[in-house]
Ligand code: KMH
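In the form predicted alone, a lone chain appears below as structure tokens.
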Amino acid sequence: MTGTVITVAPTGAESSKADVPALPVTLDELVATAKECEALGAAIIHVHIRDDDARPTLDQGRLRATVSALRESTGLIVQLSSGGAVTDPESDRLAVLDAGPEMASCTMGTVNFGDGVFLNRWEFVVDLHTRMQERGIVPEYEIFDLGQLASLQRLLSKYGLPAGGHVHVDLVMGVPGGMPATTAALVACEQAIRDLPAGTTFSATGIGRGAIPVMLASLSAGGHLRVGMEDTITYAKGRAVESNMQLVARAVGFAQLAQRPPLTARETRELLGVPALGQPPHPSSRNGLKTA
């Protein structure tokens, strides 16, 4: 790879505004954060939203308003989380697609998530994947453990390539209950990704103290980066993150040091098969696929 896709995940569903005052939870805060992160080098924004009490929500009206505001204010690729909070029902998570994002997450299996369980039944994963195909929404397949890459291979083999025809995964590393945020784990995943369709790309997310090791390992292995206050609220030992922009700026600096400068949103659209702004969704393939 000659460039780096940088995704910012600014809010998440885990941290509270009371504990993390810098967390962007209102629409105005989210749009301001998005604009500043785009100016620094982010190309994708991974979105969770909050209600008036700053609690996680999948309210359809708020989702639609958020997608609209981000499109009007930025050129970022808008990627909605279909995960929500671990307590959200499947019906609400599927309805996220009704808000019309360009991309959405698709988690490839159930995982212990701290003290909770992030449930992703096979039937639900298939439903999410095929609905995105039908609507031309490009998925980012979220991988919390090595075996979920084998599940992705099974999904693609049986149900075909995603909308846009390009496979992109995000390795979420360091969640208590999932794979560790280590170079060894990333290398194991990178080897398994080779069994997916030719040209498959990956980004990596290091949770908490795993942020820096995972960024460095991903860049060295040809991968891309996801950073943000969804994933880490500590910039260094004993030092709280001041803003999402601080995390994006650090990722941009690492990418430049690796001689893989950030890709623009336009370049990222071309790489991931996301239509240009104002263009209709790409057709998808529902046929069986023999993976490379």
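Just count from 1 along the sequence shown to find any residue number. What you see is a predicted model, and the numbers here were worked out from it, not measured in a lab.
Note that the form predicted in complex with the ligand isn't included here; everything after this is about it.
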Has each of S81, G84 and F113 got a heavy atom lying within 4.5 angstroms of the ligand in the predicted bound form?
yes
H48 near the ligand in the predicted bound form, any heavy atom under 4.5 Å?
yes
How about A13: is it within 4.5 Å of the ligand in the predicted bound form, going by heavy atoms?
yes
Quick one: does E102 come within 4.5 Å of the ligand in the predicted bound form, counting heavy atoms only?
no
Hey, in the predicted bound form, is F118 touching the ligand, heavy atoms inside 4.5 Å?
yes
150 to 158, 137 to 145, 192 to 200, 94 to 102: which one contacts the ligand in the predicted bound form at 4.5 Å, heavy atom to heavy atom?
137 to 145
Any residue of 214 to 243 that, in the predicted bound form, places a heavy atom within 4.5 Å of the ligand
E230
